[in-house]
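Quick setup: one chain, the form predicted alone, written in structure tokens, and binding and motion questions come after.
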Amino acid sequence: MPPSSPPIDPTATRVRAEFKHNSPLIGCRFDPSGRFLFATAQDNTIQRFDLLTGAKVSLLGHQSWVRGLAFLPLRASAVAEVAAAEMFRVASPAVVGTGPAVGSAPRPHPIKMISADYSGRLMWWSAAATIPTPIRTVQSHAGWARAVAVSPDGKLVASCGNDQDVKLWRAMDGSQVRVLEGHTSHVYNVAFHPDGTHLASADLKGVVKDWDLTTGACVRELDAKILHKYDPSFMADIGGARGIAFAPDGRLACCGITNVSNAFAGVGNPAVVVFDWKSGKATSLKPKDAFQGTAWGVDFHPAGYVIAAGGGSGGRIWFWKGEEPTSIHTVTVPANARDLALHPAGDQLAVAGGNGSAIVYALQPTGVK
């Protein structure tokens, strides 16, 4: 959302579009232009939904579940194309479902996307192609590759997985740059600091490592251990940073499950931990109303909100404002929300539903009804 835009009104959040797929969805991300919503599914596909036309395209190539999606930054010459697409989107009626193109939509600019799957592979895509196919495949991790992120300058790719490693790759050709070792449990998520000099990685036990990308050294650990529990009854660990995000000002958020009473059934409560990056001080955020489940996605909205989505006993989206530790508004989602994505313009968000629906919500500006 541009800095000059009015603040949003969470209480006016409404459904803008709903896209259907015949398999439960796992993750979702908007591309940097905001033209497409990409969603990953349990049938091993990635679905591309066009917000301008409603068209749906399947990206085929993975042979296991995909959770991680990341994009290279837009090229400078795409600015005019993005503006044209935005004009078309604003002038067009809301799209519900999928179908043929409405009118003559602008041609999408090239999009480079990287996906990570549970067989440990990374795939590079020309994601705006008519029928995208993988252009590069890298065997990145032994076991699940859980997440992938791209550096702000678009030169580095970070991945993490069940082999307890964090790895850096050259975005240009997929060659390995460095292995960051030190986690002692599955690494669930990675995110680049906005200044591009540090990387955060978070594991199953709630240990968040701060890596100096110049030296490859872990310079400190942050404590998100409320997002983990060992259940002696089932002799199992449950937890992990299911979602992670940096704010432009450097704050870091991790989300997951806390207060676990039954690891086998996943009985617990959603939670978000926000770190002041400079001091490392942590603040725990919780929903105002009782809810059993897990927070699967989190992000910072430029208007001063932390937004998370989760599922368990149904689906929810929660909004926190400023320094308040308790949510100020809740949106009920028709199915378990298994991920959250914030549109680059800040005026929409999306959730990936366990029922196969990707739902796009409009974030209404204050004073607009």
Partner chain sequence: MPLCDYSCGSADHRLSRRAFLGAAGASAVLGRDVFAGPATGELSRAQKRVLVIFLAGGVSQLETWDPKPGTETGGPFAAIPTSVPGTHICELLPLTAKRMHRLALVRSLNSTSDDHGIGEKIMLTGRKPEAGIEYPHIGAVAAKLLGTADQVMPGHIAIFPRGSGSGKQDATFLGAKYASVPVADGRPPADLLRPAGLSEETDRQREELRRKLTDKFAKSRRSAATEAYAESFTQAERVFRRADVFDIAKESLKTAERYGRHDFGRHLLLARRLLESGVSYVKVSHSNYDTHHENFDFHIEQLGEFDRPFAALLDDLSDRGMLDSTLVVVMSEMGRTPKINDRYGRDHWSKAWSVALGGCGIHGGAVVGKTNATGTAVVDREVSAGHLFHTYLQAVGLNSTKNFYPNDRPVPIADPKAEPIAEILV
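Positions refer to the first chain, counted from 1. Everything quoted here is computed from the prediction, not taken from an experiment.
Absent from the display: the form predicted together with the partner chain. The rest refers to it.
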Handout entry: One stretch from 28-36, 58-66, 298-306, 316-324 that, in the predicted bound form, holds residues within 4.5 Å of the partner chain by heavy atom
Key = 58-66
Problem - Three-residue site Pro73, Lys112 and Ala129 fully in contact with the partner chain in the predicted bound form at 4.5 Å by heavy atom - result: no
Practice task
Consider Gly266 of the chain shown here, and say whether it contacts the partner chain in the predicted bound form, taking contact as heavy atoms within 4.5 Å.
Solution key: yes
Handout entry: Contact label in the predicted bound form: His186 to the partner chain, heavy atom within 4.5 Å
Key = yes
Handout entry: Proximity of Ser201 to the partner chain in the predicted bound form, heavy atoms at 4.5 Å
Key = no
Exercise for the section: May I ask you to check whether Val179 falls inside a 4.5 Å heavy atom distance of the partner chain in the predicted bound form? Expected result: no
Fill in the blank from the handout: Answer key, the partner chain contact in the predicted bound form at 4.5 Å (heavy atoms) among Asp237, Asp276, Asp212, Asp223: the residue is Asp237
Exercise for the section: Name the single residue among Ser233, Ser261, Gln139, Thr133 that comes within 4.5 Å of the partner chain in the predicted bound form, judging by heavy atoms. Expected result: Ser233
Handout entry: Contact set, 146-169 vs the partner chain in the predicted bound form - heavy atom within 4.5 angstroms
Key = Arg146, Asn162, Gln164
